[in-house]
Ligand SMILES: Cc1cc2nc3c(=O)[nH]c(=O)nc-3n(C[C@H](O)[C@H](O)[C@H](O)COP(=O)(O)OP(=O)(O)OC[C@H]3O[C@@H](n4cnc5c(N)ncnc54)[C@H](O)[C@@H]3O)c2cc1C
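First, one chain by itself: the form predicted on its own, in structure tokens.
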Amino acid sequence: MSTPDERVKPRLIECIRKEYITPNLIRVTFSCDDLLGFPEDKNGAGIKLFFANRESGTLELPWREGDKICWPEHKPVPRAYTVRQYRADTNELDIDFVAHNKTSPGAGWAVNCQPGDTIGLAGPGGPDPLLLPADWHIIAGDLSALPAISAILEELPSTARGVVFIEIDIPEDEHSLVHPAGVEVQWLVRAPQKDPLPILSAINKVTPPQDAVSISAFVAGENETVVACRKKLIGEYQLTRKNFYAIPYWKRGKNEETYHNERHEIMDEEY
């Protein structure tokens, strides 16, 4: 089982409101005294959320004893998510959930949650920055990657150039994003019978500007897409870990427990 972020002990956070950004994207806003001091510069960073034990319905958080992570009798269900935005002035934390399943631990909780409901949080962590400075950028992912992508776009300099490809299941999931004028955003509606890997197909069609000496990339989302795009970008642009962050968040047909080891093997591969 995944362990909490080693630098920040798990804390309880409380839902204060939620809204549907699109039919399949829910934004839950949290606030509580335990959030005070949460870092302001970690939008897009990875976090671990803890949901109530599926059998008992009890929410108990793990704790640390020295270097050891201790789990309570009623182990919570851990899920990896992303910081969408933290606002220190109001002490509010936004986390976006893909509403793919009303009974799953994470999405199901978001669909059914009400103000006052609590979950556990550990983190944030992960690489910093998510996207390295360059003359031109390739950014891609699905709805699960959109919180990180949105944060990246909002923090890019106004002179940034590049392309963004976002895979969605229905046209209604498209919505406006804040991004530099030189960054083109394309929404790709999934049609697996016609093209099982639309992001890869879109990347195959782009050509960097002639004056782009350096390129950096960020690709995240479903396993097959991330692995295929990583192979393409490494082979064509000779990208490495120094200028390319590729992370599979999930794998179609598997939950986080069954996919955990495979996911980390992919993330640990050298390139």
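One rule holds for the numbers: they count along the sequence shown, beginning at 1. All values derive from a computational prediction rather than experimental measurement.
In what follows, reference is made to the form predicted in complex with the named molecule, a form of this protein that is not presented.
Asker: Would you please decide whether residue 147 lies within 4.5 angstroms of the named molecule in the model of the complex, comparing each non-hydrogen atom pair?
Answerer: Because a heavy atom of residue 147 falls inside 4.5 Å of the named molecule in the model of the complex, the answer is yes.
Asker: May I ask you to state whether residue 253 is within 4.5 Å of the named molecule in the model of the complex, using heavy atom distances?
Answerer: Flag for residue 253 set to yes.
Asker: Could you tell me if residue 158 has a non-hydrogen atom within 4.5 Å of the named molecule in the model of the complex?
Answerer: It does not: once the named molecule is placed as it appears in the model of the complex, residue 158 has no heavy atom within 4.5 Å of it.
Asker: Contact with the named molecule in the model of the complex for residue 105, defined as at least one heavy atom pair within 4.5 Å: yes or no?
Answerer: Yes.
Asker: What is the one choice in 245, 38, 50, 30 with a heavy atom within 4.5 Å of the named molecule in the model of the complex?
Answerer: Answer to the contact question: 245.
Asker: Taking 4.5 Å between heavy atoms as the contact cutoff, choose which of 81, 136, 86, 165 touches the named molecule in the model of the complex.
Answerer: Of the candidates 81, 136, 86, 165, 81 is the one lying within 4.5 Å of the named molecule in the model of the complex.
Asker: Please identify, from 197 to 205, 178 to 186, 93 to 101, 117 to 125, the stretch that has a heavy atom within 4.5 Å of the named molecule in the model of the complex.
Answerer: Going through the listed ranges, the match is 93 to 101.
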